[in-house]
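To begin, one chain is listed below as structure tokens, in the form predicted alone.
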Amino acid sequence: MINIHQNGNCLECDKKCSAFKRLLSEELNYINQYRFHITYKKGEVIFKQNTPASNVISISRGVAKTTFEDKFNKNLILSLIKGPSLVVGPGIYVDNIYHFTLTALTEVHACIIDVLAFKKLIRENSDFAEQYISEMSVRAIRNYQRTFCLTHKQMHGRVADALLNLSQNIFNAPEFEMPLTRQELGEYTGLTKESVSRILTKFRDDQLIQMDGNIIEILNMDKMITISENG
């Protein structure tokens, strides 16, 4: 069950994303009036594609995925996001609709912030707006790189790229607990879950990785990077 409450204060929070660190004390007090802290369990939907975009999400802890769903119920995982991070649907400035689904992959602690209060701060604080644009730009660049990976790399390169992203950008360690099921890893790499399982087994047999249940350790980082780069 989702746990909703308004705990603490934005001034005291040590898990603020970069953009909110640019706000003045009175601005943090203002935004504090328009947010609620929510704890999501693994697998719970934070917001759903094609629903009204009435809030922005500030993830303080945990890992989430953004997913695009088509009319045939096929999913593509667009990105993995770890806290602290600000998640803003592009629809808030277009049609006020969420254009992807945001789902918790681990327990996620997040603040749900009223979109009108967020837009007010964008208009009034240029440092806040600039940092927000910077974060969205970095995310856009990573999406371009993901698009290249999905359209130009072979299967082994896609899986290597996914493992490296988890290791280097999400968990910052060669060993981590895999937050994705085989089905989700397939949705992240544009492959079937059967293909993903075969490639992971191949990587294990070649001593590139070690698997113990959901725990994966990259044993040969240089070789994995070479596979990712050569696709």
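For every residue, the number given is its place in the sequence shown, counted from 1. Computed from a predicted model, the values in this text were never measured in an experiment.
Keep in mind the form predicted in complex with the DNA is missing from the figure; the text below concerns it.
Proximity to the DNA in the model of the complex holds for none of Ser25, Gln33 and Asn55, with the criterion being a heavy atom within 4.5 Å. The shortest heavy atom separation between Arg61 and the DNA in the model of the complex exceeds 4.5 Å.
In the model of the complex, the DNA sits within 4.5 Å of a heavy atom of Gln154. Of the heavy atoms in Lys48, none are within 4.5 Å of the DNA in the model of the complex. Within this chain, His37 is remote from the site of the DNA in the model of the complex, having no heavy atom within 4.5 Å. Taking Glu194, Asp206, Asp70, Glu177 one by one, only a single residue has any non-hydrogen atom within 4.5 Å of the DNA in the model of the complex, and it is Glu194.
Considering the DNA in the model of the complex, the lone stretch of 169-177, 25-33, 62-70, 195-203 in range is 195-203 [heavy atom distance within 4.5 Å]. Residues Gln154, Met155, Thr181, Arg182, Gln183 are the members of 154-183 with a non-hydrogen atom no more than 4.5 angstroms from the DNA in the model of the complex.
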